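Only one chain is given next, in structure tokens, and it is the form predicted on its own.
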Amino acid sequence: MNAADLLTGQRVVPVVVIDDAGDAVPLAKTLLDSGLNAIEVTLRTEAGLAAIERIASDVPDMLVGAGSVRRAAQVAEVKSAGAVFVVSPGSSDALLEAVADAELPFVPGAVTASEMLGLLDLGYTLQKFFPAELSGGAAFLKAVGAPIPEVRFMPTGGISPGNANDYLSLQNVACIGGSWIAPPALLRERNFEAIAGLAAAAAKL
């Protein structure tokens, strides 16, 4: 299964940075109970890999992906931890080879037409657009939709409740990545009630 098929129906995917793996399961359960069925756990902290493993083990109804994957060696690690999809801000030959060997659904990043066409040649019809707002935002994605209609996007970076629908209204946007749903400050406070409110609102977008 490719990432486009796996994430069908997932319109908002929380992108989370977890400092304490002990927060992973209550966070995943909070998101799931609030109507969000997929999560991207970034490998920006030492706890990221353990967080993926705990969610995969204890919250099986949650589609857990690994985000900010940058090196080929990380692909085997996240697959072993239980990740069912991989997201990267870009791509490299080694990374593309690793995800192909691991048979993991992959959302590679692209911000130029040439990058998008190169990934399309490899069969990637769902691509990450990051950092979305700094790279032209919804207006840019709308513009590339006509000449590159085969590609759909998962924009992330600078997206908020205020501009989320600008992206979701585009035909070539499959889903958006939302880091506002479980911000690090609320996670550090273990304020899952507040996160639940943000997640429930995001699920209605």
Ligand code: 3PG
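None of these values were measured; they are calculated from a predicted model. A residue's number is simply how far along the shown sequence it sits, counting from 1.
Unshown form predicted together with 3-phosphoglyceric acid (3PG); subsequent notes refer to it.
This chain is displayed without 3-phosphoglyceric acid (3PG), yet in the predicted bound form the stretch 126 to 134 from 76 to 84, 91 to 99, 126 to 134, 107 to 115 comes within 4.5 Å of it by heavy atoms. Among the residues Pro26, Gly145, Gly35, Gly157, the one placing a heavy atom within 4.5 Å of 3-phosphoglyceric acid (3PG) in the predicted bound form is Gly157.
Ser179 is the sole member of Asn163, Ser179, Thr45, Asn172 with a non-hydrogen atom lying within 4.5 angstroms of 3-phosphoglyceric acid (3PG) in the predicted bound form.
Although the partner is absent here, Leu187 is not a contact residue: none of its heavy atoms lies within 4.5 angstroms of 3-phosphoglyceric acid (3PG) in the predicted bound form.
Residue contact check for Val15: one or more of its heavy atoms lie within 4.5 Å of 3-phosphoglyceric acid (3PG) in the predicted bound form.
With contact defined as any non-hydrogen atom lying within 4.5 angstroms of 3-phosphoglyceric acid (3PG) in the predicted bound form, the stretch 93 to 118 contains no contacting residue.
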